[in-house]
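Both blocks below hold the same protein chain, though in two forms, and each is given as structure tokens: structure 1 and structure 2.
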Structure 1
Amino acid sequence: MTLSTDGFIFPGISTRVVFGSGTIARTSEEVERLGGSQALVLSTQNQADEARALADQLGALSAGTFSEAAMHTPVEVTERALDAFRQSKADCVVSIGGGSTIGLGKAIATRTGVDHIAIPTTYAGSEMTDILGETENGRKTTRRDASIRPETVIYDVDLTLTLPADMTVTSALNAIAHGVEALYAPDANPVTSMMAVEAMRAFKAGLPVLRDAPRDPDARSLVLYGAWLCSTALGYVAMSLHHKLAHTIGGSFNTPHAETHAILLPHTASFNAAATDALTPMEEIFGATPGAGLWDFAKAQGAPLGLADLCLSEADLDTAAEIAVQNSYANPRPFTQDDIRALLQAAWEGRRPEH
């Protein structure tokens, strides 16, 4: 083990976390703890039943539900949600769902200053971060601000038992992508690095069990624990090339978020592993060099492996490579447009990376 003599800053972790099985029953207690008296419950249409059940459970603390959350937090949805929020006289929001619903909770909280309790039901990891990506007129903009971070996160393992097998795997790989980039982040610190490595161990132990027994409570616990760790790491450090590529491809070609991350990850990890030893702990966890180990792990879990499976053409790869080099951002390994184009070709073909 080595520790850089450059020193580090550990910013602290400001979100309260309630983790376990059946923890959704503690939502009223958490609303009251924050001084709230009327909580608007947010969800997607798919999870409207869960939102209504939570509102019923909150009883007098409920200001009703708003179940129109959508991918990439469209501003027009936020505006409708703000109308519902004001009309219901709510004084806090509770989001139950994946990153899309938590994004809507953040969008309301940052505009109104009210408290936000997030109850994640996927592994995507928006809940612990100060990051909000919103779309308006087809353009996605992302910003970071302390007011975006939820005050409380309730992780209830029981809510993840229904997560479909394909989403379980791609959402977990989306989380692992945050862990990988946290390891080589320019502002990484020993605590976020420790969390990222511990998360990868949890995913490595839990995911293979879920492939055969999707409702195994211990494996679901381990995987949700990994998701919490990766989300926390993401919330306190900067992301690099992998996120730039995933957002470029998702934003330009409307590919599904978690699948895009899952396919790109072995290739971005392989590319960057050549320039940093920050990913070395992954070799022991995944049993091969970072890119190859992740690719083997993803394949064994039945994850999609090629961008071609997402209906991208080779011409789309040219466009993506061009966009991805337009702005500069931190990355452990410098790159050219040709480097990115070659990386995308390997990801498109679904080839096993050599490193």
Structure 2
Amino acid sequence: MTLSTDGFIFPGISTRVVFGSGTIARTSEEVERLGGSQALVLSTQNQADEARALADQLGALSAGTFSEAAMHTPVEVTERALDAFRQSKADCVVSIGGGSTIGLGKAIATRTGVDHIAIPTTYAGSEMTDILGETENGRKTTRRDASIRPETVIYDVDLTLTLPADMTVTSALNAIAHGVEALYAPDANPVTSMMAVEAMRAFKAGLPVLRDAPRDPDARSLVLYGAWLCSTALGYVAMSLHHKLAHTIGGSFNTPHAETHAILLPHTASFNAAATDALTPMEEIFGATPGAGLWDFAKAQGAPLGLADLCLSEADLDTAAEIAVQNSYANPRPFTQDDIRALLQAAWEGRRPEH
């Protein structure tokens, strides 16, 4: 891979990372390192048991739990969480779970200024970014600010050993989407580009192993490493068409976050590959052009391939295309509403991209 070093800006990585097996045991240490004394543990309802176990582990450092985190970070849920946070007299938050829970942790942290320790249990990859997407009145809006980025991320490979097969695949493809956009971002740099390519190699090597051996610790470690790299890369570059479409569809139609990313990815990659050679390294990794290679890889892993599978109608595609062009954003290839509508149609049908 040839990277341009004609000139670039890399702001540096500001989040502390604790990576390994059994690292959740170091949560108390990380709370104290940040000067915290009372941590509110956040989770979804499905992971309430994990939140309570972590609160028990924290002992005197625990301010209790809040287990109502929801997909796409609804503002009304954040408001309830803020009430619980204030009543608990917590001085920091610890989020354990996927993007929904980590998003709630970010929403609290940016509103209150407290420190946030994120413990991801999927590969969704929002934990290393300064990006927060929130949903209100059926629309998802995204913003970036330094106060959104967690101070510490604890990656514990053991927490991913029981991740269901379907979630393993879709959240991994969600992470790969971060890497794809990092490659063609207008502010891409050699560091984030190398991270993105290295991550894709890790996913390509590790994810197929997990189909037959879902508890393989080496494969889990490799895939979690890839998720960290993709999350880090996205955290320091601009988002483009792929994330705009995923957020538009997810926020407007409440589709599952990871599945939406997974289905859209081959089509957005194919669309942009026609206008940039930044995705060329993917051809060697996935064995075909970027869009086709990603589609083949997703299919081989058993990922969903069509937006129709998420109960979207073709009329919904018209609405999504209209919303997606309402605000301008950087993208390597210019597009019209008709272009977006055609892309969404291909994704709805689950067709293999040509490029």
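By convention here, residues take numbers in order along the sequence of structure 1, the first being 1. Each form is matched to the other, and the largest set of C-alpha atoms that superpose within 1.5 Å is called the rigid core. Since this is a predicted model, take the numbers as computed values, not measurements.
**Q** Look at both copies of the chain and name the one that is the form predicted together with nicotinamide-adenine-dinucleotide (NAD).
**A** It is the first structure (the form predicted together with nicotinamide-adenine-dinucleotide (NAD)) rather than the second.
**Q** Can we say the CA of A300 moves by at least 2 Å between the two structures when the core is superposed?
**A** It does not, since the A300 C-alpha is displaced less than 2 Å between the two structures after the core fit.
**Q** Rigid core aligned, does the Cα position of L58 differ by 2 Å or more between the two structures?
**A** The answer is no, as the C-alpha of L58 shifts between the two structures by less than 2 Å after core alignment.
**Q** Honestly, after the rigid core fit, is P214 moving at least 2 Å at Cα between the two structures?
**A** No; that C-alpha moves by less than 2 Å between the two structures.
**Q** After fitting the core, how far does the CA of L317 move between the two structures, in Å?
**A** On core superposition, this C-alpha lies 2.6 Å from its counterpart.
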